[in-house]
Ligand SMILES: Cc1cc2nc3c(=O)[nH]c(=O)nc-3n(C[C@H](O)[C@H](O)[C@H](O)COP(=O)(O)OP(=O)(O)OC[C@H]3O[C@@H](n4cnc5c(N)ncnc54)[C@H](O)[C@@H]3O)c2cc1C
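Below, in C-alpha coordinates: the form predicted on its own, a single chain.
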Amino acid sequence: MARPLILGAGPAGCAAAVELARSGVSPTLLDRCATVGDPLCGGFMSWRTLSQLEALGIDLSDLGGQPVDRLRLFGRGTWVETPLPRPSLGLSRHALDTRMRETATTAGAQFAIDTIRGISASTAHGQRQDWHGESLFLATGKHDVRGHSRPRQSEDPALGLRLRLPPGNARRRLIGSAIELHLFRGGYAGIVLQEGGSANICLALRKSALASAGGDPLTLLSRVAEDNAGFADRLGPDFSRARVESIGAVPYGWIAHETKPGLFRLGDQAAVIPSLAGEGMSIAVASGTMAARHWLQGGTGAAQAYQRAFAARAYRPVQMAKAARVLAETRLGAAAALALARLLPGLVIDLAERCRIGRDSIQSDRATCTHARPC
(Lines give C-alpha, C1' and ligand atoms only; values in the text may rest on other atoms or scores of the structure.)
Protein backbone atom coordinates (compact mmCIF):
# COMPACT_ATOMS: atom_id res chain seq x y z
CA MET A 1 0.00 0.00 0.00
CA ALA A 2 1.34 3.45 -0.97
CA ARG A 3 2.70 5.75 1.72
CA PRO A 4 0.00 8.14 3.06
CA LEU A 5 0.56 11.86 2.51
CA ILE A 6 -0.29 14.17 5.42
CA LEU A 7 -0.71 17.86 4.56
CA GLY A 8 0.00 19.94 7.65
CA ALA A 9 2.31 19.25 10.60
CA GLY A 10 0.13 20.71 13.33
CA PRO A 11 -1.46 18.65 16.11
CA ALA A 12 -3.95 16.86 13.81
CA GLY A 13 -1.40 15.91 11.17
CA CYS A 14 1.23 14.93 13.72
CA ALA A 15 -1.25 12.79 15.67
CA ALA A 16 -2.05 10.86 12.48
CA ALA A 17 1.65 10.57 11.66
CA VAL A 18 2.52 9.21 15.11
CA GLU A 19 -0.29 6.65 15.03
CA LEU A 20 0.65 5.48 11.54
CA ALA A 21 4.40 5.40 12.14
CA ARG A 22 4.10 3.43 15.36
CA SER A 23 2.00 0.89 13.48
CA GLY A 24 4.75 0.23 10.94
CA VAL A 25 3.74 2.78 8.28
CA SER A 26 6.06 5.65 7.29
CA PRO A 27 3.84 8.55 6.15
CA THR A 28 5.08 11.71 4.46
CA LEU A 29 4.37 14.66 6.77
CA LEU A 30 4.32 17.80 4.65
CA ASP A 31 4.29 21.37 5.96
CA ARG A 32 4.91 24.79 4.46
CA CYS A 33 7.29 25.86 7.25
CA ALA A 34 10.57 24.24 8.25
CA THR A 35 10.55 26.06 11.58
CA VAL A 36 7.64 25.77 14.00
CA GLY A 37 5.68 28.97 14.47
CA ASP A 38 3.15 29.88 17.15
CA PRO A 39 -0.34 29.65 15.59
CA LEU A 40 -3.02 31.95 16.88
CA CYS A 41 -5.40 29.32 18.24
CA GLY A 42 -4.94 26.47 20.69
CA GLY A 43 -2.86 27.64 23.66
CA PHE A 44 -4.98 25.74 26.20
CA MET A 45 -4.60 21.96 26.66
CA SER A 46 -7.76 20.61 28.30
CA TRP A 47 -7.75 17.52 30.50
CA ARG A 48 -9.14 15.56 27.54
CA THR A 49 -6.38 16.77 25.22
CA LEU A 50 -3.70 15.81 27.75
CA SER A 51 -5.23 12.35 28.06
CA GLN A 52 -5.23 11.90 24.29
CA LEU A 53 -1.62 13.05 23.98
CA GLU A 54 -0.58 10.72 26.79
CA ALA A 55 -2.20 7.83 24.90
CA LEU A 56 -0.02 8.76 21.91
CA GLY A 57 3.08 8.71 24.12
CA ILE A 58 3.56 12.49 23.94
CA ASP A 59 4.83 13.93 27.22
CA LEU A 60 4.49 17.69 27.82
CA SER A 61 5.61 17.71 31.45
CA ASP A 62 9.09 19.11 30.75
CA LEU A 63 7.99 22.06 28.58
CA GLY A 64 7.24 24.48 31.42
CA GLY A 65 3.51 24.82 30.76
CA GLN A 66 1.29 26.59 33.28
CA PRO A 67 -0.90 24.22 35.34
CA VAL A 68 -4.58 25.16 35.06
CA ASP A 69 -7.18 23.87 37.50
CA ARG A 70 -10.06 26.38 37.44
CA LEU A 71 -12.30 28.36 35.12
CA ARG A 72 -13.04 32.01 35.78
CA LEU A 73 -15.94 33.70 33.97
CA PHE A 74 -16.13 37.48 33.72
CA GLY A 75 -19.04 39.64 32.66
CA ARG A 76 -19.70 43.32 32.99
CA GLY A 77 -18.94 44.14 36.62
CA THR A 78 -19.04 40.58 37.93
CA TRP A 79 -17.23 37.26 37.83
CA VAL A 80 -17.52 33.68 39.05
CA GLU A 81 -15.00 30.86 39.48
CA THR A 82 -15.39 27.09 39.39
CA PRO A 83 -12.88 24.19 39.46
CA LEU A 84 -12.18 22.29 36.25
CA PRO A 85 -13.02 18.58 36.22
CA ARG A 86 -9.33 17.64 35.99
CA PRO A 87 -5.97 19.43 35.71
CA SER A 88 -5.21 21.12 32.39
CA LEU A 89 -2.30 23.11 30.95
CA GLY A 90 -1.51 26.47 29.41
CA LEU A 91 1.08 25.83 26.68
CA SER A 92 1.98 27.68 23.51
CA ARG A 93 1.39 26.11 20.14
CA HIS A 94 5.08 26.60 19.42
CA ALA A 95 6.00 24.28 22.29
CA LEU A 96 3.23 21.77 21.53
CA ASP A 97 3.80 21.61 17.77
CA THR A 98 7.58 21.33 18.22
CA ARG A 99 7.17 18.34 20.55
CA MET A 100 4.63 16.67 18.27
CA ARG A 101 6.81 17.08 15.17
CA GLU A 102 9.76 15.61 17.04
CA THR A 103 7.66 12.67 18.19
CA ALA A 104 6.31 12.01 14.68
CA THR A 105 9.69 12.04 12.98
CA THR A 106 11.29 9.94 15.72
CA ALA A 107 8.50 7.39 15.25
CA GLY A 108 9.32 7.15 11.53
CA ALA A 109 7.36 9.82 9.65
CA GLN A 110 9.23 11.42 6.73
CA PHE A 111 9.15 15.22 7.03
CA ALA A 112 9.13 17.47 3.94
CA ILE A 113 8.63 21.19 3.20
CA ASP A 114 6.40 22.64 0.49
CA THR A 115 3.41 24.96 0.12
CA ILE A 116 0.41 23.19 -1.32
CA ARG A 117 -1.52 25.25 -3.85
CA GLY A 118 -4.29 22.78 -4.61
CA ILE A 119 -5.38 19.14 -4.68
CA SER A 120 -6.66 17.13 -7.63
CA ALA A 121 -7.52 13.45 -7.31
CA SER A 122 -4.65 11.88 -5.34
CA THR A 123 -2.10 14.62 -6.08
CA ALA A 124 -1.19 17.64 -3.95
CA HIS A 125 0.25 20.40 -6.13
CA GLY A 126 3.05 22.23 -4.33
CA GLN A 127 5.29 25.14 -5.18
CA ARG A 128 8.31 22.82 -5.38
CA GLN A 129 6.73 19.70 -6.86
CA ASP A 130 3.66 17.54 -7.13
CA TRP A 131 3.14 15.08 -4.29
CA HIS A 132 1.35 11.82 -5.05
CA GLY A 133 -0.38 9.57 -2.57
CA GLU A 134 -3.33 7.21 -2.78
CA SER A 135 -4.40 8.55 0.61
CA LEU A 136 -4.30 12.26 1.50
CA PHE A 137 -4.76 13.49 5.07
CA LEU A 138 -5.85 17.14 4.93
CA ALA A 139 -4.66 18.75 8.18
CA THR A 140 -4.02 22.37 7.19
CA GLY A 141 -5.85 23.89 10.15
CA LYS A 142 -7.72 27.11 9.47
CA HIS A 143 -5.97 27.52 6.09
CA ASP A 144 -8.03 26.06 3.25
CA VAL A 145 -6.54 24.39 0.20
CA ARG A 146 -7.90 25.45 -3.19
CA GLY A 147 -10.61 23.12 -4.35
CA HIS A 148 -11.42 21.95 -0.81
CA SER A 149 -12.49 25.16 0.91
CA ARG A 150 -14.98 25.14 3.75
CA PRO A 151 -18.17 27.24 3.39
CA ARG A 152 -17.93 30.84 4.61
CA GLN A 153 -21.39 32.32 4.06
CA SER A 154 -22.12 34.09 7.35
CA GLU A 155 -23.35 37.68 7.09
CA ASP A 156 -21.41 38.48 10.27
CA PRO A 157 -18.46 36.07 10.26
CA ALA A 158 -16.28 35.20 13.23
CA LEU A 159 -12.79 36.66 13.54
CA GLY A 160 -9.90 35.72 15.77
CA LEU A 161 -7.43 38.11 17.42
CA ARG A 162 -4.45 37.24 19.60
CA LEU A 163 -1.88 39.17 21.59
CA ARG A 164 0.77 37.78 23.88
CA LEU A 165 1.75 39.89 26.88
CA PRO A 166 5.09 39.53 28.66
CA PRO A 167 5.52 37.91 32.07
CA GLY A 168 4.75 40.11 35.04
CA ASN A 169 4.04 39.65 38.72
CA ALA A 170 0.72 41.50 38.51
CA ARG A 171 -0.67 39.28 35.73
CA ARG A 172 0.66 36.12 37.34
CA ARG A 173 -1.05 37.06 40.60
CA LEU A 174 -4.33 37.95 38.89
CA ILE A 175 -4.60 34.98 36.52
CA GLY A 176 -2.77 32.29 38.46
CA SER A 177 -3.87 28.74 37.65
CA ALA A 178 -7.09 29.77 35.89
CA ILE A 179 -8.31 29.78 32.33
CA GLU A 180 -10.37 32.96 32.07
CA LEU A 181 -13.26 33.83 29.77
CA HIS A 182 -14.14 37.51 29.55
CA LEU A 183 -17.53 37.95 27.88
CA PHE A 184 -18.44 41.09 25.98
CA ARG A 185 -21.06 42.08 23.44
CA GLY A 186 -20.22 40.44 20.15
CA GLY A 187 -17.52 38.10 21.44
CA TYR A 188 -15.32 36.86 24.24
CA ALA A 189 -11.67 36.78 25.24
CA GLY A 190 -9.81 33.79 26.65
CA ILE A 191 -6.77 34.39 28.85
CA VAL A 192 -4.30 31.84 30.19
CA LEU A 193 -0.70 31.91 31.36
CA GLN A 194 1.77 29.83 29.40
CA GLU A 195 5.40 28.76 29.75
CA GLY A 196 7.65 31.51 31.07
CA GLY A 197 4.67 33.32 32.60
CA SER A 198 3.56 35.08 29.41
CA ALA A 199 -0.17 35.77 29.09
CA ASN A 200 -1.90 34.48 25.97
CA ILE A 201 -5.03 36.51 25.15
CA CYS A 202 -7.25 35.23 22.32
CA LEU A 203 -10.46 36.91 21.23
CA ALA A 204 -13.24 35.39 19.13
CA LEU A 205 -15.67 38.04 17.94
CA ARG A 206 -18.10 39.00 15.24
CA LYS A 207 -16.85 41.13 12.38
CA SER A 208 -19.47 43.70 13.33
CA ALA A 209 -17.90 44.09 16.79
CA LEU A 210 -14.56 45.00 15.25
CA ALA A 211 -16.26 47.25 12.69
CA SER A 212 -17.93 49.18 15.53
CA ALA A 213 -14.42 49.98 16.79
CA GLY A 214 -13.45 51.39 13.40
CA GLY A 215 -11.74 48.13 12.43
CA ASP A 216 -8.93 48.83 14.90
CA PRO A 217 -8.14 45.92 17.30
CA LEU A 218 -6.52 48.22 19.88
CA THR A 219 -9.61 50.42 19.99
CA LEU A 220 -11.74 47.32 20.45
CA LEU A 221 -9.55 46.09 23.31
CA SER A 222 -9.74 49.49 24.97
CA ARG A 223 -13.55 49.51 24.74
CA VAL A 224 -13.82 46.02 26.21
CA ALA A 225 -11.51 47.10 29.03
CA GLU A 226 -13.70 50.13 29.77
CA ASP A 227 -16.65 47.81 30.44
CA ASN A 228 -14.70 45.12 32.28
CA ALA A 229 -12.29 46.18 35.01
CA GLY A 230 -10.96 42.63 35.32
CA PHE A 231 -10.02 42.59 31.65
CA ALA A 232 -8.42 46.02 31.97
CA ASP A 233 -6.29 44.77 34.88
CA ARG A 234 -5.03 41.85 32.79
CA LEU A 235 -4.23 44.03 29.79
CA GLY A 236 -2.24 46.47 31.88
CA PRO A 237 -1.14 49.92 30.76
CA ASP A 238 1.31 48.71 28.10
CA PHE A 239 -0.84 46.32 26.02
CA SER A 240 -0.80 48.67 23.01
CA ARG A 241 2.86 47.78 22.44
CA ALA A 242 2.00 44.13 21.85
CA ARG A 243 1.62 42.76 18.34
CA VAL A 244 -2.00 41.86 17.54
CA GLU A 245 -2.39 38.87 15.21
CA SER A 246 -5.63 38.08 13.41
CA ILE A 247 -7.42 35.45 11.40
CA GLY A 248 -10.61 36.06 9.45
CA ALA A 249 -13.82 34.24 8.58
CA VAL A 250 -13.54 31.33 11.01
CA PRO A 251 -16.44 28.92 10.22
CA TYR A 252 -17.32 28.02 13.81
CA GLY A 253 -19.77 25.13 13.96
CA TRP A 254 -18.91 23.65 10.55
CA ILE A 255 -18.49 19.87 10.31
CA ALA A 256 -17.39 17.80 7.31
CA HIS A 257 -19.96 15.01 7.03
CA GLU A 258 -18.67 13.72 3.69
CA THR A 259 -15.38 13.60 1.84
CA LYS A 260 -13.95 12.44 -1.47
CA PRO A 261 -12.53 8.92 -1.80
CA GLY A 262 -9.03 8.77 -0.38
CA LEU A 263 -9.25 12.18 1.34
CA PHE A 264 -9.25 12.19 5.17
CA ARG A 265 -10.14 15.61 6.64
CA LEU A 266 -8.58 16.29 10.06
CA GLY A 267 -8.67 19.00 12.74
CA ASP A 268 -10.29 22.26 11.65
CA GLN A 269 -10.71 20.73 8.20
CA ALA A 270 -13.03 18.17 9.82
CA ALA A 271 -14.85 20.18 12.50
CA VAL A 272 -14.50 23.74 13.85
CA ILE A 273 -15.59 23.97 17.47
CA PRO A 274 -16.09 27.47 18.93
CA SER A 275 -12.97 28.39 20.85
CA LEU A 276 -14.67 29.17 24.17
CA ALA A 277 -14.98 25.40 24.69
CA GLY A 278 -11.18 25.13 24.85
CA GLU A 279 -11.41 21.90 22.86
CA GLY A 280 -9.80 22.73 19.52
CA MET A 281 -6.66 20.75 20.30
CA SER A 282 -8.68 17.73 21.39
CA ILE A 283 -10.65 17.81 18.11
CA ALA A 284 -7.34 17.90 16.26
CA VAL A 285 -5.70 15.02 18.11
CA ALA A 286 -8.87 12.91 18.13
CA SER A 287 -9.44 13.31 14.38
CA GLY A 288 -5.82 12.52 13.52
CA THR A 289 -5.81 9.41 15.68
CA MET A 290 -9.18 8.20 14.40
CA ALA A 291 -8.29 8.80 10.74
CA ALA A 292 -5.04 6.87 11.10
CA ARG A 293 -6.83 3.92 12.70
CA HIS A 294 -9.44 3.84 9.96
CA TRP A 295 -6.66 3.89 7.36
CA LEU A 296 -4.86 1.05 9.12
CA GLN A 297 -8.07 -0.95 9.03
CA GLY A 298 -9.25 -0.18 5.51
CA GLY A 299 -6.59 1.79 3.65
CA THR A 300 -7.54 4.55 1.24
CA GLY A 301 -11.08 3.18 0.95
CA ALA A 302 -11.81 3.99 4.59
CA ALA A 303 -11.87 7.78 4.13
CA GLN A 304 -15.61 8.20 3.74
CA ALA A 305 -16.46 5.85 6.61
CA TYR A 306 -13.99 7.73 8.83
CA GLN A 307 -15.46 11.12 7.90
CA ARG A 308 -19.00 10.06 8.72
CA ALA A 309 -17.90 8.44 11.99
CA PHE A 310 -15.93 11.48 13.12
CA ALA A 311 -18.74 13.86 12.14
CA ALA A 312 -21.15 11.84 14.27
CA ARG A 313 -18.85 11.98 17.28
CA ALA A 314 -18.07 15.68 16.86
CA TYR A 315 -21.70 16.73 16.36
CA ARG A 316 -22.82 17.03 19.99
CA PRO A 317 -19.70 18.80 21.31
CA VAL A 318 -19.77 21.29 18.42
CA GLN A 319 -23.49 21.99 18.82
CA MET A 320 -23.15 22.49 22.57
CA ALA A 321 -20.25 24.89 22.06
CA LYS A 322 -22.23 26.77 19.36
CA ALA A 323 -25.11 27.28 21.77
CA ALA A 324 -22.77 28.48 24.51
CA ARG A 325 -21.09 30.88 22.08
CA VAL A 326 -24.41 32.45 21.02
CA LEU A 327 -25.32 32.90 24.69
CA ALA A 328 -21.95 34.43 25.56
CA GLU A 329 -22.04 37.02 22.76
CA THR A 330 -25.08 38.90 24.08
CA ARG A 331 -25.11 41.03 27.21
CA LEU A 332 -28.27 39.37 28.53
CA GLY A 333 -26.95 35.90 27.73
CA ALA A 334 -23.63 36.57 29.43
CA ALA A 335 -25.42 37.83 32.55
CA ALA A 336 -27.61 34.72 32.58
CA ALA A 337 -24.58 32.44 32.15
CA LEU A 338 -22.79 34.07 35.07
CA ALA A 339 -25.88 33.84 37.28
CA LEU A 340 -26.32 30.14 36.50
CA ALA A 341 -22.63 29.45 37.06
CA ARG A 342 -22.84 31.11 40.47
CA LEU A 343 -26.00 29.28 41.54
CA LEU A 344 -25.33 25.91 39.92
CA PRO A 345 -21.59 25.47 39.28
CA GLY A 346 -22.19 21.82 38.41
CA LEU A 347 -23.88 22.98 35.19
CA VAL A 348 -20.63 24.58 34.05
CA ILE A 349 -18.74 21.33 34.58
CA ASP A 350 -21.48 19.38 32.80
CA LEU A 351 -21.31 21.76 29.83
CA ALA A 352 -17.52 21.48 29.77
CA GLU A 353 -17.77 17.69 29.56
CA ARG A 354 -20.47 17.81 26.89
CA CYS A 355 -18.26 20.03 24.71
CA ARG A 356 -15.69 17.23 24.49
CA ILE A 357 -15.35 14.15 22.30
CA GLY A 358 -15.52 11.12 24.55
CA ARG A 359 -12.18 9.43 24.98
CA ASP A 360 -13.84 6.02 25.11
CA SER A 361 -15.31 6.49 21.63
CA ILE A 362 -11.87 7.21 20.20
CA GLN A 363 -10.25 4.30 22.00
CA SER A 364 -12.88 1.95 20.60
CA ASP A 365 -11.32 2.36 17.16
CA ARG A 366 -8.21 0.64 18.39
CA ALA A 367 -10.20 -2.30 19.74
CA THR A 368 -12.01 -2.85 16.41
CA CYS A 369 -8.96 -2.35 14.17
CA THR A 370 -8.42 -5.55 12.16
CA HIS A 371 -5.93 -4.50 9.47
CA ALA A 372 -2.95 -6.74 8.90
CA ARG A 373 -0.65 -4.11 10.38
CA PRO A 374 -0.74 -3.78 14.19
CA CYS A 375 -3.06 -1.05 15.53
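Residue numbers here begin at 1 and follow the sequence given. This structure is a prediction, so every number in the text was calculated from the model and none was measured.
The same protein also exists as the form predicted in complex with the named molecule; that form is not shown, yet it is the one meant from here on.
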Exercise. Could you work out which of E195, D227, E134, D114 is the residue within 4.5 angstroms of the named molecule in the predicted bound form, going by heavy atoms?
Key: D114
Quiz item: Pick from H294, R101, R185, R72: which has a non-hydrogen atom within 4.5 Å of the named molecule in the predicted bound form?
Solution: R101
Quiz item: Can you check whether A286 is within 4.5 Å of the named molecule in the predicted bound form, heavy atom basis?
Solution: no
Quiz item: Do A12 and the named molecule share at least one heavy atom pair within 4.5 Å in the predicted bound form?
Solution: yes
Quiz item: Is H143 a contact residue for the named molecule in the predicted bound form, using a 4.5 Å heavy atom cut-off?
Solution: yes
Exercise. May I ask you to state whether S275 is within 4.5 Å of the named molecule in the predicted bound form, using heavy atom distances?
Key: yes
Exercise. Tell me, please, which stretch of 59-67, 322-330, 42-50, 306-314 lies within 4.5 angstroms of the named molecule in the predicted bound form when heavy atoms are compared?
Key: 42-50
Quiz item: Of 258-275, which residues get within 4.5 Å of the named molecule in the predicted bound form if you count heavy atoms?
Solution: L266, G267, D268, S275
